[in-house]
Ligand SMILES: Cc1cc2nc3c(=O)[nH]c(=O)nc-3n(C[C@H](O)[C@H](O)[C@H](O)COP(=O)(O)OP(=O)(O)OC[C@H]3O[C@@H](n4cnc5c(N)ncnc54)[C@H](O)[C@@H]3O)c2cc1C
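A lone chain, given as structure tokens: the form predicted on its own.
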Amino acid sequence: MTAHFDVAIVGLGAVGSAAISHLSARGVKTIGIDAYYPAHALSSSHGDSRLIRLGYFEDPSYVPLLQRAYANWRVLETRLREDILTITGVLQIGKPDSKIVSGTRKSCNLHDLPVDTLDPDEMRRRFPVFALDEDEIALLDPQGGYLKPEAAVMGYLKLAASDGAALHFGEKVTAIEPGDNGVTVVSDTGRYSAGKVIVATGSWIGELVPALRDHAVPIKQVVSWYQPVDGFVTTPQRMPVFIRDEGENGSFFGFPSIGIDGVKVGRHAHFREPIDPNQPNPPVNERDTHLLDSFIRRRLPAAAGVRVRSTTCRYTMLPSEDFLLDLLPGDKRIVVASPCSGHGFKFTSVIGEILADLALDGDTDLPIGAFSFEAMERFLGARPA
């Protein structure tokens, strides 16, 4: 006999774990299935820390979702009795007309968010680890900080299990088959019937959602950790999390010494090298480490001690670099949660709520109009040939 569930969640990474937790907390009969085991190294949800900020330079429309995300993170912490979100402030650094600085200011002004503007002299006085050019400034978002990704994913799964969810790990879903009486999820070991299905398989999403096969592109992402030259100035009390606009060289991000490995840095989307999601992550090479070594020596000299560790994870990028959170065109029983183009983890707590709404009601009160299949098609149609 095929077991029946109200909602099946395929993929139990960041957003899948949050979705099954939100659904189970509402009393919904759920099953979650993942080909791997929690917080595994082929996901996009490992590496000790993820940045969170309110002054969102990408687009002011993200800010209301972030405000809900902050509230939901605090609810998760309360239920777990564990710290997930730590406030350090976030510095967004660059020239005044750079994308990061101007976009942050726009979001803060539109949503009346607090922000401090720091010139190079004030940065040297307050945060001496950072080296600014004389024509650069920093915007300090006092509400920014970092999340613990592994703790968040494991926490959501723990709560889902305690609320009655069935969790299956090491089981690969091979097909999703809509039928007259529901949707059948087929795995390499079983078949499960569900009223609704949420697909949240990260870099593998094109395998189960053909409409994304040519658009959701997994890429290699590398981060490195450094033991600082001056450990005093790299503590979380003296070094906020940061994002830095390097113009044509892209944007870099980093974290203070929040663990034994020291200061962590990376470049958003790294070299944008496509990878095969079904192969192990490519190893870190000299080109990767040279990029990050050069950046930290130039921009955070007091942190540029010995590089102690580097690791590869993966982003999965959509053409617009936005999210996709929508019902599948042609079958409203299937909810698609796209990979989030390398900037989604901070939204995990609210995306889980959104996916629960979409699965149960077919809609949500939260503002996700920009993250639809229709919006993706408009973007693709507007791109130069």
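One rule holds for the numbers: they count along the sequence shown, beginning at 1. The structure presented is a predicted model; accordingly, all values stated were derived computationally and were not measured.
This next part talks about the form predicted together with this ligand, which is not shown.
Of the listed positions (Leu318, Leu51, Leu360, Val63), a single one reaches within 4.5 angstroms of this ligand by any non-hydrogen atom in the predicted bound form, namely Leu51. Checking 352-360, 23-31, 42-50, 328-336 against this ligand in the predicted bound form, the stretch whose residues place heavy atoms within 4.5 Å of it is 42-50.
This ligand in the predicted bound form is approached by Ala14, whose closest heavy atom lies within 4.5 angstroms of it. When this ligand is considered in the predicted bound form, Tyr192 lies well away from it, no heavy atom lying within 4.5 Å. In the predicted bound form, this ligand sits within 4.5 Å of a heavy atom of Glu171. The closest non-hydrogen atom of Phe57 lies beyond 4.5 Å of this ligand in the predicted bound form.
Relative to the displayed conformation, the Cα-Cα distance from Phe271 to His215 shrinks by 3 Å or more in the predicted bound form. Look at Leu132 and His270: in the predicted bound form their Cα atoms move 3 Å or more farther apart than in this form.
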